[in-house]
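Okay, so here's just one chain, in structure tokens, the form predicted alone.
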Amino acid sequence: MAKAATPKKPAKRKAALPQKTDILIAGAGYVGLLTAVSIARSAPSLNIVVVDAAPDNVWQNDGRASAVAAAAVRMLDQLDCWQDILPHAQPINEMVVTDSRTNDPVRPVFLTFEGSIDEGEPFARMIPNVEMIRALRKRCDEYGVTIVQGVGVTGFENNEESQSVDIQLGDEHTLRAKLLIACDGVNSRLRDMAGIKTVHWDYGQAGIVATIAHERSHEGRAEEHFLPAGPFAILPLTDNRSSIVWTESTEKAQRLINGDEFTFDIELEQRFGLKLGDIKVETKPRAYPLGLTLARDFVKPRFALAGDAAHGIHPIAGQGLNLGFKDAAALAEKVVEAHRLGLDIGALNVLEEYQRWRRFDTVQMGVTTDILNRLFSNDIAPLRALRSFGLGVVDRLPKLKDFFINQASGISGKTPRLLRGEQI
């Protein structure tokens, strides 16, 4: 595949911030770093600064793992990140869906998916977040992106006379940029500063996340058990380990993670089972509140939202991260195209092209996950019968299953070039 222009001299993370830059990205999570690398690789003349309020190296304590779709893997490969991530990536070879009560002795399988969209290309892989961030930071260094930790954005103001935005940082530094990109999470402060309203409701649920070690191999098999409190997902990792995403009511989830280990282990074993032998909790369980948050606007003049700052959805379909990848790829494509044409990269008409591309897709996915969560997170007998029938029908229709696999892999629809494995 074609390589980009020779990268600039690596930037030092501890170097003093400049007075001016082309792009400032708030948030050094995977979406912020992906956006930075995607733009810097294709437009090396643009200067990019990433700031994050979290202390330096805090990202190394992230014990979570994410299901990364095939399209996102193609993007990471195109950005030269994949070779660093591959040793830590676990292919999902099969997906199994069950629907039962917690105490049921048998969980009948209603739906199975083969894990490949093409020979040697699984529809998704499980990747530890820390390894993905490590690879992206390495590329940022190579492409001259400045990353500064421990400094957040405290305010900003458009200055259309100079076609820029003046940004105030937590260390009282002021920086002028052509474009400010907010990748600061579902509770985005920058989104509020920009006056962007959201559609939001709380599910009254929390997702418990932990890594589980087990005796026997999972053979790359992922499982999603629909239980009355919500889905319980077992997602394969390397070295006889699995990541769990365990949905419970907020109250019970907090009680479980704050209670004694014995009670947690008993509850976990009841849901996980012993088909993989003895199990052991390897990382400290953490609970994350679940809700639906959709920004009414993705852009303002010289300002754009990406990732969870634009949309927070239920993890029931495992698509939150992949929506963020699409945001990063689409925004980078529009910014790079505008730059090559000599246009103002922060102009509203440029940013609105990104918004038109991404908003419908995210609203559609948000509504879909909301319906799925309401349909499956209950113990109502008629709904149980309906969804069991529906899952059984899908399992008997290969073309429909292929459609769902293509959707989950991220290769369907109007896809940004990076997600097709192509250079911008």
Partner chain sequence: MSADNTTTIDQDDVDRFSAMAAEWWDPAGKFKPLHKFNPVRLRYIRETVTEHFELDASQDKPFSGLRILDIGCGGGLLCEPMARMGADVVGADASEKNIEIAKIHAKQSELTIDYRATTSENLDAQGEQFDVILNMEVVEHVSDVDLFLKSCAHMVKPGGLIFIATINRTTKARALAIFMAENVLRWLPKGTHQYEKLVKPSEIDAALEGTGVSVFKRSGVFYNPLTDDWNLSKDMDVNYMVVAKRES
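Note that this is a predicted model, so its numbers are computed, not measured. Positions refer to the first chain, counted from 1.
From this point on, the text means the form predicted together with its partner chain, which you will not see here.
- Residue-level contacts in the model of the complex: of Asp344, Asp141, Asp84, Asp192, one residue has a heavy atom within 4.5 Å of its partner chain, and it is Asp344.
- Residue-level contacts in the model of the complex: of Glu215, Glu160, Asp239, Glu172, one residue has a heavy atom within 4.5 Å of its partner chain, and it is Glu160.
- With the partner left out here, its partner chain still marks one of 218 to 226, 251 to 259, 142 to 150, 336 to 344 in the model of the complex; by a 4.5 Å heavy atom cut-off that stretch is 336 to 344.
- Residue contact check for Ala53: none of its heavy atoms lie within 4.5 Å of its partner chain in the model of the complex.
- Although the partner is absent here, Arg64 is not a contact residue: none of its heavy atoms lies within 4.5 angstroms of its partner chain in the model of the complex.
- Within 4.5 Å of some heavy atom of its partner chain in the model of the complex lies at least one heavy atom of Ser45.
- The closest heavy atom approach of Asn349 to its partner chain in the model of the complex falls within 4.5 Å.
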